[in-house]
Every structure is written in C-alpha cells, then in structure tokens.
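Here you get one chain, nothing else, as structure tokens; it is the form predicted alone.
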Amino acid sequence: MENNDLTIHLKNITFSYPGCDPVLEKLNIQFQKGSKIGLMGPNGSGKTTLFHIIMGLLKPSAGKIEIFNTPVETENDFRKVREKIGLLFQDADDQLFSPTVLEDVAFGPLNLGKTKSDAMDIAKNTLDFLGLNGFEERITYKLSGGEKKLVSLATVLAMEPEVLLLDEPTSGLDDKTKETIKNVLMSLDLSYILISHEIDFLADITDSIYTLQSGAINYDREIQVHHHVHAHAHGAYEHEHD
C-alpha cells in the first residue's frame, strides 16, 4: 500500500460508554483511497461507534487516529476531517434540520464557504443527480422514510467529499429506493465504508466485506462469486438472504 493512498488509519482504538465494558478494544483498521468496503457485525458490536470516532463525534479512551496521513486529536483537526469525509447517519432525522429540502442540501456547501448562489446551484444539481428534481421546496419533516434517506444522502454528496461513511443506508427502505441508492453508489468515483446487514447488497457494491465482533475488525478475503445466484465472502458470519 502506498502511504499516500492511506486515507483512514486507526491504531489500537479502545472505547467504552460510561459504566460499560469496551465496545472497541485495541481496534486497528487501515482504509485506503479507492476502497469500497462493507462492514457487518451484530447489533451493538460498535459499527456506528467506529464511524463516530472517525468523525470526532466520540473520543476513544486509547489509541491514535490518522486521517490522510495526518494525526487528528482536537476538534479543529476533526473539522478539517469533516470537510473531506461525509457521514450518512443511520437515522435520517439526525441529518435533516432545515425547513426545506433545498436549504438542507445547500447548508453544507454554504458552511464550506461557497456563495449562496453557488451553494444553491450545487444543491439543485445534487438533487437532480439523485432523481429528486422538484423536491426543493418540500418540507423535510413531511417526507417519507425513503425520501428522507435520499435527501440525507444529497446533503452529504453536496459537500463533495473524498470518502463516504454510510451507516445502514438501505435499512427499512422499499426495493425501489434501495435500487436507487445502489445505482448512485455504483456510479460514484468515491471511496466508502458501508455498514449493512444485507450481505447481497454489500456484495454488489463493495470490494471486500469486514466484520466487527468482540471489539475488533475481522478482515475477509475479496468477495467471491458463487454460481447459486448470490455473491459474498462469508461462511463464518451468520446471515440471511432476501
């Protein structure tokens, strides 16, 4: 691996919630530019916690974090990280806070210093890209669950990140919306880590699938295609197919 390609490097990360045993314990992960990684694991295994640590929303009790080959520790460090890494929250209601869709999608570009005119253009183009033309003046809290998820993705993509962290992007969605999200991700020239319990979905859009169990990452081999309709890299991890 070229050092310049190392995007996210976590070293011996340990994290516990107050009064609880460690969720993550001496966890190590290296994520390089161009990678498309799936991440699976039981509920409560620390997948979302891992994303929040990468973004500086949670602070580990031990370990070191390097993003783009630079150590990050302070809130100012993580502000710069958030300009390059986009996090899609598991719950869209945690992502959307402006009255209208256009305001929500334009907020990120405005926060990055774009003019109001440029931010609105970026927001409109992003909505068009996701098939949400005509949603500009829709009231965010009145959207359906699938619509909220797509608008949440638009708020992330409008910031033009280099890396995506996607937390259960298709959970609870109908097949049409899942297909839209899959096609969007397949069309993007971006690196990403994607949390999902849907192994067939991961097999379609990732290069490798890792599991997070007992506070540590288990690295899988590359996805292998089987002749019986589905593709995945797992045998040991219990899973179901639609």
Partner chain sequence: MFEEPSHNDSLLMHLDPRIKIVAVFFFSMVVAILNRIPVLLCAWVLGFLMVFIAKVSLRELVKRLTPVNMLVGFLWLFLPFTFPGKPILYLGTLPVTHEGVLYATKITIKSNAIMLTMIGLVATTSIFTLGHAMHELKVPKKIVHLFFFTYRYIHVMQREYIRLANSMKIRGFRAKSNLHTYKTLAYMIGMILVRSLDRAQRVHNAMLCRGFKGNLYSLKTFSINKRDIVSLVLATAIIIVLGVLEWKTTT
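Residue numbers count along the first chain shown, from 1. Owing to the predicted nature of the structure, the values given are computational and were not obtained by experimental measurement.
Note that the form predicted in complex with the partner chain isn't included here; everything after this is about it.
Checked against the partner chain in the predicted bound form, the candidates N125, S144, N111, S171 yield a single residue with a heavy atom inside 4.5 Å, and that residue is N111.
Using a 4.5 angstroms threshold between heavy atoms, E103 counts as touching the partner chain in the predicted bound form. Interface residue remark: V184 is not counted as part of the site for the partner chain in the predicted bound form, having no heavy atom within 4.5 Å. Proximity of L164 to the partner chain in the predicted bound form falls outside the 4.5 Å heavy atom cutoff. Shown alone here, L150 lies farther than 4.5 Å from the partner chain in the predicted bound form, counting heavy atoms only.
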